[in-house]
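A single chain, nothing else alongside it, follows as structure tokens in the form predicted on its own.
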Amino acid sequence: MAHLRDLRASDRATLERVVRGTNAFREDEVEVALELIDAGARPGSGYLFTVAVNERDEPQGYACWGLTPLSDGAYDLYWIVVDAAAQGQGLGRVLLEHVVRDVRARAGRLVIIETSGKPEYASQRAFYERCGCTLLARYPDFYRLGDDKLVYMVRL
């Protein structure tokens, strides 16, 4: 059973290992993930985090989300990452369900999720679809040639 807790600054090194260990992200993407982790560890950053930990309180994954600027109740899911060794055990779903509950508690209306259209991201897209996320849009060649941006939504 997954236990969720708030992000701690001391989680950074383990979460960096988790992000890198998925082999899903380029170096510049890893750097952005770490910037958000650093920001989220500081009070008042506007980035919301929850961390999934094992029975030894070791991070196994995390989710990062926040209110979309200039919106009235729209939230962006910036990151959801699960340790490669823990994938397939339901942690991603637990994290996504937590985000949805939190957004609902904040009177949010929807959660927007952006992801890559690269073949290497097929399992991530399948995860969002299994969780009931609706595909809203595909922006061809958005990130790079051959790397579309897909936008999913959870309406609350």
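Being a predicted model, the structure only gives us computed values, none of them experimental. Start at 1 and count along the sequence shown; that's the residue number.
Although not depicted, the form predicted together with a small molecule is the subject of the following passage.
With the partner removed from view, the residue among Leu67, Leu110, Val53, Cys131 that has a non-hydrogen atom within 4.5 Å of the small molecule in the model of the complex turns out to be Cys131. Look at 98-106, 31-39, 83-91, 44-52: in the model of the complex, residues with non-hydrogen atoms within 4.5 angstroms of the small molecule sit in 83-91.
Put simply, Tyr75 is far from the small molecule in the model of the complex: not one heavy atom of it is within 4.5 Å. The shortest heavy atom separation between Tyr143 and the small molecule in the model of the complex exceeds 4.5 Å.
Put simply, Thr14 is far from the small molecule in the model of the complex: not one heavy atom of it is within 4.5 Å.
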